Each structure stands twice: as structure tokens, then as C-alpha cells.
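Here you get one chain, nothing else, as C-alpha cells; it is the form predicted on its own.
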Amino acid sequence: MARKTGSHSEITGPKVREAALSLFAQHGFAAVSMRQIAAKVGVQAGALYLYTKDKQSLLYDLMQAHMDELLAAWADEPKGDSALSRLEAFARFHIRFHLERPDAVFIAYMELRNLSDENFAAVEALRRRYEGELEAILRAGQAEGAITAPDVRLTTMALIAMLTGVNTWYREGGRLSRDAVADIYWDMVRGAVGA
């Protein structure tokens, strides 16, 4: 099927991903059809296959892009010298990054079950790399005597769940600003690791 007049791959490709992200977050991956994505973009359904192999590939691309962006942003984040300063940087970064991308975060956590085994393994490997960053901070904090965590892996998972949970309730313009939320959560993180 030919491209719609005025369609350009560098414009339409990102629009396809944006539409899929929005629709998957709003209705769930299983409930969204390629026709719905095409309608939101303003192209014929067959034209989508110029930009993605299928709906599964589109979901995987969205999740992989989210994780790649997360890892790259964390790599660029100023962290400080001590484990405690790196832990604070991680907590504040995680909240800020995730609050800026609520749809991507929702999909990254809620749609894992819809990935093929191969795609799940690839996304899970990226998630493990990110979790490993926090785990390394906690181990360094133990070595420095600044952090107590009886089970570092469990503490890592608990902290990530707590920090990501902000996305389920935070609303812009609410009682607390993002900075106030980050301050309170940092206090909770510090308390959770005995710092």
C-alpha cells in the first residue's frame, strides 16, 4: 500500500510509536488493534507495516527504547563521590525520569506479560542492568559502612518498586510539587537502608 500523500518516514515513524504508546497505555496492548493505531496517526492500516513488522514488534520497540533512554540518562546523571550521594542521586533521578514519562512507565511495567519470550528476555536484561546500578550503590554503601541492607537484592527491588509507585498517584498541580515528593521519598529511601 502506498504512503499517504505528504507522509514522510522521519515524521510518520515517530507518530506511529507515539500513537501506539498512548493507545497501549490507555486501553492495554491486547485491546488495541493496528487499525486503531493507524487511525490515530491518520494513515491506512497497511501503511503501518512500513514502520513496524507487527504489533508485538511495536510493543518491544517501545519498551526497549524506554529502557535504553533510562540507562543513557542515568549514565549522564551527576552522582557524587560517596555511595550515599549516589543513592540520593538515583532516588531523585528515578522519580524525575519516570514522572516525565507516565505512559512509557505504565507500559514498561504492565505490558511485560504481552512480550514474546525472546522480547521479554531482551527487555528483562535491560531492566536487570538498571537494577544492577542500584544494587552496586547499595553494596558500595555497605562496604563504606554507610548503608545497612540485610538482603541487597531484595532491598533493590523494594526501593525500585517504591520509587516507581509515585507514577500511580502523583498528579501535576496537586498538593506536593515534584521536588517535595522527591525530598520525602529520599528521606524514606535513606531510612529504609539505615543511613
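Don't overthink the numbering: it's just position in the shown sequence, from 1. What you see is a predicted model, and the numbers here were worked out from it, not measured in a lab.
What comes next is about the form predicted in complex with a further copy of the same chain, which is not displayed.
At a distance threshold of 4.5 angstroms between non-hydrogen atoms, residue 153 is in contact with a further copy of the same chain in the predicted bound form. Among heavy atoms of residue 16, none comes within 4.5 Å of a further copy of the same chain in the predicted bound form. Contact annotation for residue 136: none of its heavy atoms lies within 4.5 Å of a further copy of the same chain in the predicted bound form. In the predicted bound form, at least one heavy atom of residue 27 sits within 4.5 Å of a heavy atom of a further copy of the same chain.
Against a further copy of the same chain in the predicted bound form, the set 162, 184 and 188 is in full contact: each member has a heavy atom within 4.5 Å. Only one of 146, 158, 47, 34 lies close to a further copy of the same chain in the predicted bound form, with a heavy atom inside 4.5 Å, and it is 158. Taking a further copy of the same chain as positioned in the predicted bound form, the residues of 106-143 that bring a heavy atom within 4.5 Å of it are, in sequence order, 106, 109, 110, 111, 113, 114.
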